[in-house]
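Here's a solo chain for you in structure tokens, the form predicted on its own.
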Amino acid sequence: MTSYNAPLRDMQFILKEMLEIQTYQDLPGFEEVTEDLIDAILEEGGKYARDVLHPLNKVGDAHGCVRNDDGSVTTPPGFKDAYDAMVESGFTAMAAKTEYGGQGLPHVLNVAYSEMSSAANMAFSMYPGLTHGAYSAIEAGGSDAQKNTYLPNLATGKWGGTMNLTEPQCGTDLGLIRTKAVPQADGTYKITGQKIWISAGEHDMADNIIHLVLARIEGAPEGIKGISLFIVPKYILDENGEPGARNSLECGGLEEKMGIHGNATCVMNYEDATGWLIGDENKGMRVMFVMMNAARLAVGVQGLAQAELAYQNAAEFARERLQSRSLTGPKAPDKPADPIIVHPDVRRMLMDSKAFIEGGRAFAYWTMLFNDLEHLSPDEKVREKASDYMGLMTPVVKSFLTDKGFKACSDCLQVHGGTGFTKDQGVEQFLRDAKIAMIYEGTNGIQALDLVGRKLSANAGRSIFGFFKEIDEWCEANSGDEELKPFVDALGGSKAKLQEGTTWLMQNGMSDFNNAGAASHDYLNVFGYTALTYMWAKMAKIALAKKGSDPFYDQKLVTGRYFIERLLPEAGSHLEKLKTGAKTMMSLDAEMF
């Protein structure tokens, strides 16, 4: 049986000591954010994740969801009760605006709860996660009437939400969608088409499900310029705003998946279903990207969360599993063998995971703070920088954290040896669940292309050059601190590699777009390692000031040094690979593969 305990101390350190979110009380939503409130939310969220969600993780994996003859879907045993407990606790409404029934708390605080939920039970956490995305899209593009009708119920979790993009013939290239929308005299539209891989598309936990569906109005331009977005509820609302008649849509089937079995991944069929346009005709992608960007950040946190779950269980196993003796002599002479945690190779896998997780958590939370600042700061320059960073960092958070999160899950399964390969131990589920995070909401390859193809050049490179400047200024400000010097030097060196890679792309990517595509994966990795080095440098500065006062700070410094010594050198390898360009990669004819 696996276990999960939220890493509360590390979360508190990042939120209160590194980001100091309690000091932003002059911003809307931050007024009530005291250290006590931070602790209370983390502690209650941790209990819910540990005691309610994680015991259902294996249940959801074993039972999966069931599509019934009438097209309804039954979620795994215990999911409905856990969902009701979540709604009752108010966790779903934390970051929603108060005028729509939410608590109005900052997103950076909500991301900590999302990590706990995803770690404890990734499949379950996707249901409220999709609802939050639907809330964000309607808030960004909906009319006042739509906001007042749908947002309060989505905020509380009374209603669920989905995003319907993919069709059998198209995934990333949404310009190929065929779902059509026919205008009606009453201002509604009739939606007809099929959507696939719709997470939480049908289930038995919410009173209504609000589908956000991309479709093409008859006569609209071809490609993405002719796509509109529609609200298509499972139940059409009556005159009182309550679920009434059943809409003409249904779950046509459930996907059989490698992991996340507890989440209903549906084929959704729409046959003259009634829908309402969100925003302007042919401008649906603009609104949908609000939902997609929020989802991409959430998926990055999923990768981090699964790594944390796998690490906790691997560390516990390594402390208890007896096998052989230490290379330097017995460490448990009263036992027949030493625990495997004494072996350097086991330590390597655990330390690789720990150093990534703690740096990745800081990076995810740091990025999410900019999400709040972008919308709440009264300072135009702060809002501009926050917007720049959100665009620049989102593909890195999504791709780097899920790539390395999957590796951590693999390493932590390896720590368990043969037992890790069996279902009885329970840890192989973490690896299967984690894999999807590298694929959905835009594959990691697409994220890398987005980074080098659009985000670097946006606003004449203002965001990346701003990031370089911030790092330079931080290094200069801390250059006289001898104890911090290893971190300052590491950060300066990593930034130089990222800058070299950026320059190479500018010089070679435009002359041959394949060069940019061939370099994109490695460039994103150099970026990810640089971002985590910056996080470790910031954390080390705090830990050095408090070392000796609490073992937490001492282990933080050890872990940070390990990251610099053992993980950061990978950035140099990625830089060398990206500079080789596309020539060899693209040389073979397709028939030769």
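Worth saying up front: this structure is predicted, and the values here are computed from it rather than measured. All residue numbers are counted from 1 along the displayed sequence.
The form predicted in complex with another copy of the chain is left out here; the points below concern that form.
Between 233-241, 405-413, 480-488, 88-96, the stretch whose residues reach within 4.5 angstroms of another copy of the chain in the predicted complex through a non-hydrogen atom is 405-413. Not displayed here, another copy of the chain is kept clear of L8 by more than 4.5 Å at the level of heavy atoms in the predicted complex. Using a 4.5 angstroms threshold between heavy atoms, Y189 stays clear of another copy of the chain in the predicted complex. Under a 4.5 angstroms non-hydrogen atom cutoff, another copy of the chain in the predicted complex lacks E35 among its neighbouring residues.
Looking at L327, you'd find a heavy atom of it within 4.5 angstroms of another copy of the chain in the predicted complex. Proximity to another copy of the chain in the predicted complex, defined as a heavy atom within 4.5 Å, singles out one entry of Q169, S248, Q184, S457, which is Q169. Only one of K283, R348, K80, R383 comes within 4.5 Å of another copy of the chain in the predicted complex through a heavy atom, and that residue is R348. Relative to another copy of the chain in the predicted complex, residues Q103, K180 and I224 are all farther than 4.5 Å at every heavy atom. Taking another copy of the chain as it sits in the predicted complex, the stretch 548-581 comes within 4.5 angstroms of it through a non-hydrogen atom at P551, F552, Q555, V558, T559, R561, Y562, E565, R566, P569, E570, S573, E576, K577, L578, T580, G581.
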